[in-house]
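Encoded as C-alpha cells, the following chain is the form predicted on its own, with no partner shown.
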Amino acid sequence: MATSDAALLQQLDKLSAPELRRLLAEHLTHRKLGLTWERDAIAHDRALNADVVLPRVVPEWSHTPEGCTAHRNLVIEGDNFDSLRLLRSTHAGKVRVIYIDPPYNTGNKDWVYNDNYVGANDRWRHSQWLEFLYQRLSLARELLTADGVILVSINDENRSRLELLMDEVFPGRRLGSLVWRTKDTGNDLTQRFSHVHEHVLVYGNSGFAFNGRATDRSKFRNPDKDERGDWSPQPLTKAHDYTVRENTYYPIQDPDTGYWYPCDPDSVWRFASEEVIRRLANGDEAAVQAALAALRSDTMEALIAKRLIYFPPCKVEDVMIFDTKADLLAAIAAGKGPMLPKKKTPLLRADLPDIDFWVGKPIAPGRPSRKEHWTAKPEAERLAPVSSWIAGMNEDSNDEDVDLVLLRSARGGVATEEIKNVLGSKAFPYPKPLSLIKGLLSQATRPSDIVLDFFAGSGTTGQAVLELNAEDGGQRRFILCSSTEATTKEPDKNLCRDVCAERLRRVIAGYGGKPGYTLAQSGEFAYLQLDKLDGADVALDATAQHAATLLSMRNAGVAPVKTAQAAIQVIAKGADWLLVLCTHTGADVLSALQAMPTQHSVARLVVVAPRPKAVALWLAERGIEAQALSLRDVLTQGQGDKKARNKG
C-alpha cells in the first residue's frame, strides 16, 4: 500500500461514526462535474510566493525616442509566473484585454515546467501542463477589469482540457470560441482526417462585449413611403412546422387589397393571432385575456393595425383564385399552386387541415415581412456581432451575406515569414499571424485599453497594438511578458531581449520600406527585468530604483525612463494630491516635503518613507495634510500568497 494511502487510513481510524458520516455526506454532495488533475503529485510554485518580485528598468534595452518622459508600454523579461505576480501588485483590475498563445502540450518538449522540459513520456505531462496554466491564469484573472476579457489560442487536441480549466478559473464567464483554419493543405492523412483548425477561447467578465460593427444603413429603405422613415424587412416565420406550433399556423390578409397569404406549413409565423386564441378559448374571455397578457410581443392583428407588416405589391394577373377544391388540388398536383418565391416549395398541400379554406380566396404570390424602422432603437444597439468563424484572407464565406463581423486571418505559415521580414531569420517557432491577433484586438479593445500578453513570444501582440493605434488614433498600451529560454546548453540565450524586444524596436523604427510608429502612436517601451528578494530582506535589499519603478507602475500606469538618485522623488500627481517617495527621512527631506504642497499646488501629500509614522506626525505638526505609507509595505503590497495577503 502506498504511504499516502496508509496515512489516510490512519486519519480515518481516528474519526467517530458521526464524523465519518458527515465526511461522507460532504464528499457526495459537494462533488461536481469538472476537471481534476494530480496537483499533489507534482511540484507546486507555492515556495515562489515567499519572495517579493520587484521591477528594474534596463535603459539600454528599452526603446526611448526623443521626447519620451515615461514609458506606457512594458516588455517584462522573466518567468511569466513572476511577471504576473508583479502585475498583480501594480495592475490589478486595470487590464481590459488579455491575449495568450500558451504552449500546446504536444509532447515535443515545447515548454518548461520547474526548469525542466516536459516531454511526451512524462507520466505527469497533462497534470503539469494544467497546473502550470492554472497558476498563471489564476493570477491573470485578478488583473482584468470588470468588463475585461481573456482570449486564449489552443490546438484541437488540448482544447477540451483547457476549456475545463478555464471554466474552473473563470466560472460562468465563458462566451464561446472562435475557430481559425491554420492551413489550406491536409497534414494527417493516415486516417483520412486532417487537423487544420485551431481555436481561440473567449472568457469575459459580465461587462464585456465585442465592438461589433454598425448596421449597414443601406439595408433600410422606404419603398412604401412610410412617414416613420426607413425600415428593414425582417422575417415573419420561424423554424417550426404546423404540427409542432399549431396555434401559429393560420392565414393572414392584407386589409388594403383583400389578398390572402398562406402560412408555410414547415416554417410557421413568429407571432400569435388573437383570432386563433379566441377560437381555441371557446368563448372564455378570461382565458383569452390571460393568453394575450402572457404574449411577449404584439399579435399579428396588432402588427397589421400598426402598419408594421409589409405586403409586397403584385400584379393582378399573378393573384391565384381557385373556384373549386378540385381546381386547387389539380394545381397543387401539377406544381402550379402557391409557392415560396425563393425556395419554390409549395405553401399548400392536399393533406393540410385548412385546405378547404383556400377555395375562392385571392392568393397573392409574394411573402409579407415585418418592418423594423431605423428609429425603433438607438444606433448603438444596431451592432452586428462577431462571427465565430475566422475566415482566410481570400476565403469565400456565406457569413458575409448576413449581418455579421467576419474576422479574417492569414494561415499559420505566413507568421514565420512576417518575423523573418523584420528580424532577418526564423527566430521563433510556430508564431501566430499578425492579422489574427490584430483582428481579435480590433474587436476586443477600445482605443485606451491595456493589452496584456504573458506568453508574448516574438512580440506579435505588441506590433498589433501599434498598428491599431496608427489606424484609429488610439492610445492602447501593451504589456508583454517573455522569458529568456536560457538553458545549460544555451546560457546566453535571451528570447525576450533578442526577439520580442528587438522585433518591436525594428517595427517602431520602420523596416522593409514600411513606416515606423511615432511616440503619439505608442512607439516606445520600457524593458524590465525582475529581481526577487526574500520578503524579510526587502527593507534592506530593495533599491530606490525598485521603489520608484514599482510606485510609478502602480499609481501612474507608467515606468520611468530613468530613476533619479535623489532622496526624494515625485512619483505621481492627482487633482489635489502628490505622491512622493523618500529613501530616508533626514532633515533635508522633511524640509523639502514641507514646501511641496505650495510648490505643486496640491492640498495633501502621500508620502512613502521608511519611517511613515514619524513623517506623518512631523508634517501634521506643521499643518500639512499627509498620508504616510511604509516603504516596506508598499513594496510588498499585492505579493505573496493569498493567505499572507489576507492576513495583512
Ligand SMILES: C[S@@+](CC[C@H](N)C(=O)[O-])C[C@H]1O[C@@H](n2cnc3c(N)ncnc32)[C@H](O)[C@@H]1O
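Just so it is clear, the structure is predicted and the values come from calculations on it, not from any experiment. Position 1 is the first residue in the sequence shown; the rest follow in order.
One more form of this protein exists, namely the form predicted in complex with this ligand; it is left out here, but the text below deals with it.
Picking from 129-137, 321-329, 285-293, 356-364, which part of the chain touches this ligand in the predicted bound form when contact means heavy atoms within 4.5 Å? The contacting stretch is 129-137.
Which pick from E485, E163, E157, E275 sits with a heavy atom within 4.5 Å of this ligand in the predicted bound form? Contact residue from the list: E485.
Pick from G337, G204, G78, P265: which residue has any heavy atom within 4.5 angstroms of this ligand in the predicted bound form? Looking at G337, G204, G78, P265 one by one, just G78 meets the 4.5 Å heavy-atom criterion.
Can you tell me whether G439 touches this ligand? I mean in the predicted bound form, with a 4.5 angstroms heavy atom cut-off. Answer no; every heavy atom of G439 is more than 4.5 Å from this ligand in the predicted bound form.
With the cut-off set at 4.5 Å between non-hydrogen atoms, does E502 touch this ligand in the predicted bound form? Output for E502 is no: heavy atoms all beyond 4.5 Å of this ligand.
Would D101 sit within 4.5 Å of this ligand in the predicted bound form, counting heavy atoms only? Taking the distances in the predicted bound form, the answer for D101 is yes, it comes within 4.5 Å of this ligand.
Considering non-hydrogen atoms and a 4.5 Å limit, does this ligand approach S552 in the predicted bound form? Taking the distances in the predicted bound form, the answer for S552 is no, it never comes within 4.5 Å of this ligand.
Even though the chain is shown alone, can you say which residues of 451-489 have a heavy atom within 4.5 Å of this ligand in the predicted bound form? Counting only heavy atoms within 4.5 Å of this ligand in the predicted bound form, the contacting residues of 451-489 are F454, F455, A456, G457, S458, G459, T460, S482, S483, E485.
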